[in-house]
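Here we start with a single chain on its own, the form predicted alone, put down as structure tokens.
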Amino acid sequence: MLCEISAWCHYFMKIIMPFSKATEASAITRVFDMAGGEQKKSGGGGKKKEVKKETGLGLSFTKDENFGEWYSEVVVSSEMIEYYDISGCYILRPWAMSIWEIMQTFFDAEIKKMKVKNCYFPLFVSPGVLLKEKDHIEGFAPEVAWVTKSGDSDLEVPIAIRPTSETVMYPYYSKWIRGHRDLPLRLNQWCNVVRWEFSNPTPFIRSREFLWQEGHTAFATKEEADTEVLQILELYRRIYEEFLAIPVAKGRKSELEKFAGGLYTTSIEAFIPNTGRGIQGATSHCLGQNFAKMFEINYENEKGEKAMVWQNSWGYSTRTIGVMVMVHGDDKGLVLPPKVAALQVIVIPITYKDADTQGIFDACTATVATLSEAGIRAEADLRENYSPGWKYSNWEMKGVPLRIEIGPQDLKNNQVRVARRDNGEKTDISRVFLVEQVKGMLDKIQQNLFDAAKQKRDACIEVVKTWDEFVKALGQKKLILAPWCDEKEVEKDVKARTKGEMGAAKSLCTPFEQPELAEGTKCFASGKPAKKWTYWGRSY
């Protein structure tokens, strides 16, 4: 056993502790420390933070005591990502990609039901096209990466790498849309984008290159566009709540926080209790006719008159995976909701010196076959050079929802022992009812993860009506619901008054489900008549 631990520790140190990786992990911690208000001031000012080294099977840091170090350690130790030699870029390992693929399969099928078709546009953007929509590019300008050389030669005209694809796609919408019969045009692409403005990247949450889908649609009427905006937003809610087991609020962004160049933006907003920060989960924008005007996307309507289209764009990214890790992970590692787990059940043999090892291995293999035939994603860990205890810790780190143990006594009684990852409960079940029982447990784990996350999120919601109450709640890392006058200058003032080491507060969204706003209610920040209830807080 000691030899196994020693070998594993050597492997662990070799994989995650090279200088470049440790340096970036330390940078991630600084970001999270600022987010959670845990950053400590040192008298020297210039002293570098030491990265604690792993010395055992488990994690070196706890979620509650050092969220940043915990997160950066979990995503590596669970084999979700590997650090790359370019800061802000990460290798998405199969354990993470499988989650993305499951969500992709669901979403792709749903948008195809809506007659959305997939396509692919080039990664590169010419400056003339990129700069055509002034408000839009101003929102992305600091993030745009440029190609300036080919070999040893400077390019005559630099080429941008897409930060998003509105300006890439819309010149061709203008070409393809001529008459009312060409509408609606509904395209989506699964691709990568590059955004390069920041100095402290974080895996999944803020990386310089990430995967996403972006839908771009054009309609004859605003009513059609408005309808689609909400249809897509509901699909995003389902991804978070039904697949990732994360509670979210659906709502509308303020004028200050909406998509640059768009008419209005809707979003789903999650919340991370440990850091007291909101996080934008996905967005569905109505672009109005602004881009149609810029790119001359006109058509001849049924009356023979010239008209401009109404457009939407919408997207979600691999950020979803990072939110899942933050919300459900614990001090043992990942906790995966069964619906997105690449492996829902791991079967582990328990063998002793005089046990029927082959019989136990055969039972494990048969159990996997039975579960797999029923559509359950299951595997057996039959590696003989690792102890059962080491395997328990390894698969707990990777977040597998259910562990099945089969030992001599289980073989004798035609049963298995099942352990849940979410709460640690163990149950003996007959192999006769294996499939039925396992399916039931997986459903319970999925629901329990959502319920627990919702309970924690809801406990953080604070309703305030005055500025003093707002400041107090902000200091307590709350998700704040406050009456607001819906004025851009007031929101700017809130940002200015709350700016500090932990970052400024801002509006997150105005939820569609509005509590009653009593007559005479004043805005918490300005004292003017309030028009709506809005979520506020610090955010990623």
Ligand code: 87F
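On a predicted model such as this, the values are computed, not experimentally measured, just so you know. Start at 1 and count along the sequence shown; that's the residue number.
One more form of this protein should be noted, the form predicted together with the ligand, which is absent from this view; the next part is about it.
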>> Can you tell me whether the pocket in this form is open or blocked when the ligand is overlaid from where it sits in the predicted bound form, based on ligand atoms within 2.4 Å of backbone or C-beta (3 or more = blocked)?
In response: blocked
>> When the contact criterion is heavy atoms within 4.5 Å, does S207 count as touching the ligand in the predicted bound form?
In response: no
>> Although the partner isn't part of this model, could you tell me whether E143 comes within 4.5 Å of the ligand in the predicted bound form, counting any heavy atom of the residue?
In response: yes
> So in the predicted bound form, does H285 come within 4.5 Å of the ligand, heavy atom to heavy atom?
Replying inline: yes
> Applying a 4.5 Å heavy atom distance criterion, does M97 contact the ligand in the predicted bound form?
Replying inline: no
> If you check S174, T164, S87, S77 against the ligand in the predicted bound form, which one has a heavy atom within 4.5 Å?
Replying inline: T164
>> Within 4.5 Å, heavy atoms only, which of F243, W390, W467, W212 is in contact with the ligand in the predicted bound form?
In response: W212
> Taking the partner as it appears in the predicted bound form, which of 371-379, 402-410, 245-253, 143-151 has residues with heavy atoms within 4.5 Å of the ligand?
Replying inline: 143-151
>> Using a 4.5 Å cut-off on any heavy atom, which residues of 286-315 would contact the ligand in the predicted bound form?
In response: S313, W314, G315
